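Before any questions on how it binds or moves, here is one chain, the form predicted on its own, in structure tokens.
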Amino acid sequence: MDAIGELLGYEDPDKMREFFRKKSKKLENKIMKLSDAVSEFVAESDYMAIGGFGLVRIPTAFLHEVIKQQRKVATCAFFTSNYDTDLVLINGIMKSVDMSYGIALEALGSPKVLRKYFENGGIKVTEWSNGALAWRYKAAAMGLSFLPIRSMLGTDTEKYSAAEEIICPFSGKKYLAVPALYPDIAVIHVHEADMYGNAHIKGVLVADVDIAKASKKVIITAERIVDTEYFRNNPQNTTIPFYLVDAVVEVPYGGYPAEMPYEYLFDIDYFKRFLQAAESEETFDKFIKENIYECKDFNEFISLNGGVERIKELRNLELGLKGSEL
């Protein structure tokens, strides 16, 4: 089968090996304001990778700031994606995408005014399975040009991908070669980080470690900044090491309204309001104006949607607690 998807995000692995070899590995303070991180690191020609998965641990605060600054990127990559896909469609932030799933909030439904960008061909899509997209990052993290897989063989997903069928020189069996993926910038939301960029993720990692290894620039947004001794005294806390990271931004509740494992559950009430607003252009524009453009910062967005009290309720739900037990 000849795949017809556009090859996005691929670069020569030897060229990238040299790039990463020269990248600074100094211990230096990388803490920045959210607005500065977006203005300094997000460029219109960029391929942007977004960490997290579905409605879990996505960098909402960062994406809100991208919208407020009306920044655009050339391409994005998503695994199973929901609200993060929706956000990068606002203002036409992206032109093309590597994707396995998107434009739906699971059983809640899909935002009608955003779904049209895919339905009318306004966004160029190259399709992958979740596993195949993860293995593209893995190939890049390993410094390889591709990895051989069996997933997607003979499916329409293969047809609309940019993979190539190959024959194994040892067994003579058919495999699918998925090309390495080297994003220009990655944005990953974590539980804790220190000033140097060491980062800790609790719970499922998805492919975020490989994304950090594969990306030219890595922005970490963190629920909180911790002292470096948190990592030095317990090396197992280091999910992503400092030398991969270019900027660190402290954003408490920065994944809201999505879920942050062990911190707060996703806000189903917010997503219902979001979907209801997305029934028409007029109501959606009003909703985005109120929840993003007119909010001076992410804290104001949270205050608009119930504030810290709502976060406490979501924390209780996440931890299985009653209100009095928090």
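We number the residues from 1 along the sequence you see. Since the model is a prediction, treat every value here as computed from it, not as a measurement.
From this point on, the text means the form predicted in complex with another copy of the chain, which you will not see here.
Contact with another copy of the chain in the predicted complex, judged by any heavy atom within 4.5 Å, is made by just one of 177, 226, 90, 113: 177. The partner is absent here; in the predicted complex, the one residue of 251, 245, 94, 162 having a heavy atom within 4.5 Å of another copy of the chain is 162. The closest heavy atom approach of residue 147 to another copy of the chain in the predicted complex falls within 4.5 Å. Of the heavy atoms in residue 13, some are within 4.5 Å of another copy of the chain in the predicted complex.
Taking non-hydrogen atoms only, residue 142 approaches another copy of the chain to within 4.5 angstroms in the predicted complex. In the predicted complex, at least one heavy atom of residue 262 sits within 4.5 Å of another copy of the chain. Although another copy of the chain is omitted here, in the predicted complex all of 17, 200 and 205 have a heavy atom within 4.5 Å of it. Within 4.5 angstroms of another copy of the chain in the predicted complex, the stretch 230 to 256 places a non-hydrogen atom from each of 235, 236, taken in sequence order.
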